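Heads up, the chain below is alone and in the form predicted on its own; it's given as structure tokens.
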Amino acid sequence: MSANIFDRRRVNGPPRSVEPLYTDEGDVKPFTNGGRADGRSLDQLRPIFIKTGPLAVQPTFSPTAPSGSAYYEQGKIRISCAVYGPRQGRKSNPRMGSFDCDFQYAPFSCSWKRRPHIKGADEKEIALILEQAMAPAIRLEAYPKACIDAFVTVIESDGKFATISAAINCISAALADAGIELYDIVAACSMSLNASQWVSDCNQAEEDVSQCSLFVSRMPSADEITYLLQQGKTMPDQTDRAVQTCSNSCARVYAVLSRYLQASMEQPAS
């Protein structure tokens, strides 16, 4: 047998390659002199970018096309969400529909390690959190015997609790883009405790050195908290203060989502 047989399983590299840009963040302390390394104030959120409909394909009647989709950025966090449905549900309920969520990290999404292709236990746990946080806002009784599926992919992560909060915001935008009937848009925000001070929207480096982290998902118009998760120990008054601050931050995120969705509806159809 000849030794120069072409191996179809091997992907040849490009003729010219460019070295990636590496950021040296190993020696940078997340908190210096009572402030933050990126210059933000303690209650300041990272800039938010939203776009709905990025996963739409042509023609629109294709069975693989999602009913709605959204792309969400918050600092270094990048998340995409595709919503399918309402469609015939696997769990038939004559009174109300069901909402299912699938959550997955991209293999290259985490800077500290490479994620495996097989879904881990933490991803399944986050998927359940997203379902419970979003289900109260969806009018499931309007879709009997139907199922609404949301598929969330984390392209880049920067803080576990901040990523979960961003995923909830992305799902809200995707559900609105799909035309799903909602009681209200769910907005989420995270905080971490560092030296008795609560810090909003922490990145991964800031969460790593914090004593406690939590996130709150809330329907601001209905004034109802849909989910609250805390990791770490705090005093009751500290938790109350953090929940109140998170609720105020959720109102700001809600304003950004509402302004974008309203502007997208006012744009003329192409």
Partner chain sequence: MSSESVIVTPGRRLGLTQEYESGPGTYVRNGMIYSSILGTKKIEQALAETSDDSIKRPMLFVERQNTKFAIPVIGSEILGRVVRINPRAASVAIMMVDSAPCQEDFQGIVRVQDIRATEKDLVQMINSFRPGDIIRAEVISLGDQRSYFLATTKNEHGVVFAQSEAGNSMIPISWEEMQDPKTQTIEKRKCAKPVT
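Bear in mind the structure is a predicted one, so any value in this text is a computation, not a measurement. Positions refer to the first chain, counted from 1.
Separately, the form predicted together with its partner chain exists; it is not shown, and the next lines address it.
Shown alone here, Ser221 lies within 4.5 Å of its partner chain in the predicted complex, counting heavy atoms only. Shown alone here, Gln88 lies within 4.5 Å of its partner chain in the predicted complex, counting heavy atoms only. By the criterion of a heavy atom within 4.5 Å, Asn248 is excluded from the residues contacting its partner chain in the predicted complex. At a distance threshold of 4.5 angstroms between non-hydrogen atoms, Arg139 is in contact with its partner chain in the predicted complex. For the marked spot (Ile48, Ile50 and Asp158), a heavy atom within 4.5 Å of its partner chain in the predicted complex is absent from each of the three residues. Across the options 104-112, 71-79, 194-202, 91-99, residues that bring heavy atoms within 4.5 Å of its partner chain in the predicted complex belong to 91-99. In the predicted complex, just one residue of 240-254 lies within 4.5 Å of its partner chain by at least one heavy atom: Tyr254.
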